[in-house]
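Consider the single chain below, provided in structure tokens and representing the form predicted on its own.
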Amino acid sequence: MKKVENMTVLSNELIARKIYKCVLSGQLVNEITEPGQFVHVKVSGGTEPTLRRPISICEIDRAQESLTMIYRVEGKGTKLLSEKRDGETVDVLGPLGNGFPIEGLKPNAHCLLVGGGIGVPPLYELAKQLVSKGHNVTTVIGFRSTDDVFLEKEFAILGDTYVVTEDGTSGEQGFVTDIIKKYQLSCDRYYACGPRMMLRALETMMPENGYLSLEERMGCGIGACLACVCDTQDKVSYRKVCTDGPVFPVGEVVV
């Protein structure tokens, strides 16, 4: 059940270029049911900025009633969020959307997680839950340059992890799809989140047994404003990223 809560900032720190890690405490954590869900954050008490900011949930800790968001400062809203200090509160609506399904996997399944840029964070809670259920996880995460890399060590604890950068300053040079081809990475199911171009390339390479999480600008976050609609691949209907997604089976929507 989604709710609105003034969650308390436990920490808010810079972890990579323009990338912040914010830990929030509150009872809303108990409502999260799936990895890959997101929250809609109101960053100020005034009217500016008007709209909330959709931010994925990177990690949850039910025992401590805390959740971790990792976000990139791109505009006024996220800049204000980056200035929040320990003990301050943030107005949070959530949890929203449908996350990554982890049911239906065979025992000890091999799962491939593929993330690009700020699409990497929601895969971390997914990886933790898959490993906790006995599945094997291989992760491929891509960034522009070494200054943009984050969560590399955290993923490495959970399974084989490949880092790729466009300029080759960290990990291998190229794109996530280059790594999958080079090492012939196969899986029982794959999960991905990142730029549309990356998702499109993955879908072409791996048209089955996958789930794609879309990054999209949105207004209300609850399916009322239709700002985040996307076409289905059969061209006869549409889906709302905020309430039907952000995670869709590969082949369902146009990416």
Partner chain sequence: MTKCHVSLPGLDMKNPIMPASGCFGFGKEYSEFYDLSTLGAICVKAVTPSVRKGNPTPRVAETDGGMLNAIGLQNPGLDRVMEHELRWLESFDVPVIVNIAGNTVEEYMHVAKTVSKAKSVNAVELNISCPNVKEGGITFGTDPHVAKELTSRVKDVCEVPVYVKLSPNVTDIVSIAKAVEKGGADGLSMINTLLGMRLDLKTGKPIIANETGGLSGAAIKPVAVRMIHGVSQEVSIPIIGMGGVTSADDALELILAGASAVAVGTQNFVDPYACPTIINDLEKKLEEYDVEHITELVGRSWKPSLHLTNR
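Because the structure is predicted, anything quoted here is derived from the model rather than measured. Residue numbers count along the first chain shown, from 1.
Note that the form predicted in complex with its partner chain isn't included here; everything after this is about it.
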Position in contact with its partner chain when the complex is considered in the predicted complex, options A192, V39, M218, C58, heavy atoms within 4.5 Å: M218
Partner-contacting position among L93, I102, V73, A109 - heavy atom within 4.5 Å of its partner chain in the predicted complex: L93
Partner proximity in the predicted complex: E48 to its partner chain, non-hydrogen atom cutoff 4.5 Å: yes
Heavy atom of E13 within 4.5 Å of its partner chain in the predicted complex: no
4.5 Å heavy atom contact, A224 to its partner chain in the predicted complex: yes
Exercise: K21 in contact with its partner chain in the predicted complex, heavy atom 4.5 Å: no
Stretch from 209 to 217, 63 to 71, 184 to 192, 23 to 31 whose residues place a heavy atom within 4.5 Å of its partner chain in the predicted complex: 209 to 217
